[in-house]
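Only one chain is included here, represented as structure tokens and corresponding to the form predicted alone.
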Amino acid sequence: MNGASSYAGLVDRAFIFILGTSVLLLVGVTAVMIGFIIRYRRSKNPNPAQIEGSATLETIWTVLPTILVLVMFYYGWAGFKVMRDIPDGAEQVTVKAKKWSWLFEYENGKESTELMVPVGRPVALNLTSSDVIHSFFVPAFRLKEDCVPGRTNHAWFEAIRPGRFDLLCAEYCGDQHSAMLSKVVAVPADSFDAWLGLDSGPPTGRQLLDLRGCAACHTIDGKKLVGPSFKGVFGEKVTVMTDGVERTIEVDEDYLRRSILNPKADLVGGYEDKMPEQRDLVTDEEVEAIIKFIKGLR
């Protein structure tokens, strides 16, 4: 076991205890079963005797499993309690899950597509989803918590060593579920404070494609994913369905703006209607920055 969070050891111990107990029971039951098969086989016992109940045996196999289950419960409860009690003063991060990307927003408004955290300081997560149920899962931290539309779930962790740790969605959320990947980047506390306080200005159009989840469905190199690629699309003629009527239009700024804010208005032929409205997810300035970037991909 190689946990990277302060409570990973609790989870590992509970897992090892339950696994070890299960293996011992499996070996024991199997050994007894084989012994009974050999000892009481028909050739040695052609006339089997009727065995009456034993109060002693009944008591043993009732009391021992009860104690075992209570011990398992204690291990699980002890670890769960620690994982649910968020320490005071923890660094607050809002986790925004959507098909099929992660966005992390810090208290000062800074946003990132990777979860930057300080080593040795607790981080509190406020988990949300804008579409379907996703599951925030960091195996190295032994942390998994659902992101549910319409409500905020909470979790926390404390990284105990620097490193880059896999972050994935553990709840099937659509055909690009397996691509919903990111990283937790644990760095020394002073490096984290410097990164958090660094003002890099408003994000560029290219950065916004990642921050707003556009890159999960659209590429900039001509490859097709869930939606059409942005490369060379500006100025091209495309066939779309508008209110059930097929028509051909030119991709200009108005079309791009309409497609971002209300993607159902003009559905490009050959693609499914999967993109949610972005009206409440992007600002006017961000829309203009994205359009400017797409225009430059001719």
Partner chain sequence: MAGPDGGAPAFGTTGSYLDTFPGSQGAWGWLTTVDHKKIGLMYASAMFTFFLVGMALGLLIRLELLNPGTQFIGPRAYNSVFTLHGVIMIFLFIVPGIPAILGNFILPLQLGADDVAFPRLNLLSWYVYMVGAVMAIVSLFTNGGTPDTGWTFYAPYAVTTDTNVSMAVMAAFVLGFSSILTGMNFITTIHRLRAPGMGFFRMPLFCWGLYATAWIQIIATPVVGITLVLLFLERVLGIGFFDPSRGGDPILYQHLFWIYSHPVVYVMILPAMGIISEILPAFSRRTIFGYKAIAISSMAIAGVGYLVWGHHMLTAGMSDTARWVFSLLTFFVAIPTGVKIFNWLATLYRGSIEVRVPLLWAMGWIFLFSIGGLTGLAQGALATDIHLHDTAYIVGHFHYTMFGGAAVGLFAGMHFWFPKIYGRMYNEKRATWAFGLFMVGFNMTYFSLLVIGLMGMPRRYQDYLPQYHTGHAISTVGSWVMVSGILLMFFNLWRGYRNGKIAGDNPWGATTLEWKTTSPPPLLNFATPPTVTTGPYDFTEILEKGHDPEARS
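Between two forms, the rigid core is defined as the largest C-alpha subset superposing within 1.5 Å. All of these numbers come straight from a predicted model, not from anything done at the bench. Positions refer to the first chain, counted from 1.
Omitted from view is the form predicted together with its partner chain, to which the following refers.
Undergrad: On the criterion of a non-hydrogen atom at 4.5 angstroms or closer, are W77, G174 and K274 all touching its partner chain in the predicted bound form?
TA: All of them do, each having a heavy atom within 4.5 Å of the partner.
Undergrad: Just one of 242 to 250, 227 to 235, 48 to 56, 258 to 266 has residues with a heavy atom within 4.5 Å of its partner chain in the predicted bound form, so point it out.
TA: Among the listed stretches, the partner-contacting one is 48 to 56.
Undergrad: Given that the partner is absent here, does G150 sit within 4.5 Å of its partner chain in the predicted bound form, heavy atoms only?
TA: Answer yes; at least one heavy atom of G150 falls within 4.5 Å of its partner chain in the predicted bound form.
Undergrad: Heavy atom to heavy atom, is K144 within 4.5 Å of its partner chain in the predicted bound form?
TA: Heavy-atom contact with its partner chain at 4.5 Å: present for K144.
Undergrad: Might L181 be said to contact its partner chain in the predicted bound form, defining contact as any heavy atom within 4.5 Å?
TA: It does: once its partner chain is placed as it appears in the predicted bound form, L181 has a heavy atom within 4.5 Å of it.
Undergrad: Just checking whether D131 would be counted as a contact of its partner chain in the predicted bound form - the rule being heavy atoms within 4.5 angstroms.
TA: Residue-level check for D131: yes, a contact with its partner chain.
Undergrad: Let me know the one among A124, V119, A215, M83 whose heavy atoms come within 4.5 Å of its partner chain in the predicted bound form, would you?
TA: Answer to the contact question: M83.
Undergrad: Name the single residue among D166, D190, E107, D221 that comes within 4.5 Å of its partner chain in the predicted bound form, judging by heavy atoms.
TA: Selected option: D166.
Undergrad: Please check if P48 moves between the shown form and the other one, taking a CA shift of 2 Å or more relative to the superposed core as movement.
TA: Yes, the C-alpha moves 2 Å or more.
Undergrad: If the two forms are fitted on the core, does I34 show a Cα displacement reaching 2 angstroms between the shown form and the other one?
TA: Moves: yes, 2 Å or greater.
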